[in-house]
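Two forms of the same protein chain are encoded below as structure tokens; each is given separately, as structure 1 and structure 2.
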Structure 1
């Protein structure tokens, strides 16, 4: 949220989860994330080092993601993490809040609910990758994982190509009904399949799990597939075979995170790929990289989740909530 957006207000904005849902839709999230990826690639925006730790209580992971976008004037951080026991309490396992600061004077400008925005910006990131990297004639989309974020992922992805079928796998089959409902809502066929069969059918695959071992193997992936790996954001997590990255053209949101805590960490460690083998998605957006070069090429997006994505959608939410009278204003 820029100074101009709130020039007459010196107070602190409080933007609730409900307000975020009201003012941020998939299209606005897509635009915000695509723009920030482009800005990062141009060198106009950068992320600060991520802090993410197991706190030794409630099996929780907690941390901070932060950064600054000079072009969008977004400065701030997201604080939160993952509490695996929350679902049993009727809460979302992912919990976070976004803090926005005025880059001109350092004052806190807004506190923005981060749970819905985290889901919608993560879905927007994979959707941006599909828009720029998937084959134009892609018809079948595969979903690996059926947790809270999976329905956000599928809805956003279905808008990027003329898909006519969804194939899905999840360890707990009961959860697949949520993805089936999204497919039916979109008028698209749905089938529950095993992982290898999913890879045989799918032109685009999204992985959105908390796995610590590969769920997709290199030999299962057919030529021309685009894969968006969206679940690996911590050291040790892994969703796909490291050798798969060696056979693919690899893109990411941020290379430093990709090689240290993203899906590429394992391929880098094993020597299957080098850091120079990874390209930012922003380079493809800006036209500095051609993106997909042939219909047989396998492309893979390593979506690690960067703080600038959170700041971009939170800034848009704060601006729109203020304009629409859906933000509270207080003085500190």
Structure 2
């Protein structure tokens, strides 16, 4: 939120899930995430240590992601987690709320629904990686995974290049109809394929599963492919062969997360790559790294998901909801 808005109104803003959907579209999420990745790489923004605990009740995982972006003036946290029994109650399993604080005085400034924003900020991250790293002539996009996040990832990705086909794989084929519907809506062809065939056809691949073993092998990936690995956000999860990272130029949102709980954790552990082999996507955005250097290079984005992404989209949502009269205001 800008300083102007902070000084014009010092109350607490409540920004509902519906208000977030109304004011944050894919373009504004893209801009917020691109800017905060750039801020992180310049050292203007940093994430605080993540807390995530199994609370021993309702099988829930609960925690906090927090940080401060000096450039964007976003200070706060996302609180939430995963309640596996929610779906049976008609609720989303992932539940989160974002708390924004005024960095000038520490007062709670906004409570923002975090469920829709988590989906769009995650989709924006892979879209930003495609915008900066995929070959300009990319035509076929491959999707590995067809769960809740996948349609968000695909919609945002389709806007980054002149794609004419989606190829997709999921361990449960029934779910692929959701991705097929997105492809049809965008007017591009759709084909359900096996994983090796997907790698033969795709110029860009997004992985967005909860897998704990590699789904894509190094020898399947053709030169020039860009891969956005988005599902691995926890110790033990894995979506691609660790050896693939050794043959790719690896980018990430945050190096500390990439090597500890992101896709790179396995390649680091096996010694296939070193921490110094990983570059922040922000460096490519800022021009401090050239990004893709040839049409044959394999680029890989390890998108681990950071609290600053949440704060960036929530700050934009709070500012726009206030401007458009879609935020409720109360005094604490």
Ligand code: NAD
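Definition used throughout: the rigid core is the maximal C-alpha set that superposes within 1.5 Å between two forms. Just so we're clear, the structure is a prediction, and the values are computed from it rather than from any experiment. Positions refer to the first chain, counted from 1.
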(request) Of these two copies of the chain, point out the form predicted in complex with this ligand. (result) 2
(message) Once the core is aligned, does residue 273 move its Cα by at least 2 Å between structure 1 and structure 2?
(response) no
(message) Following rigid core alignment, is the displacement of the residue 61 C-alpha between structure 1 and structure 2 equal to or greater than 2 angstroms?
(response) yes
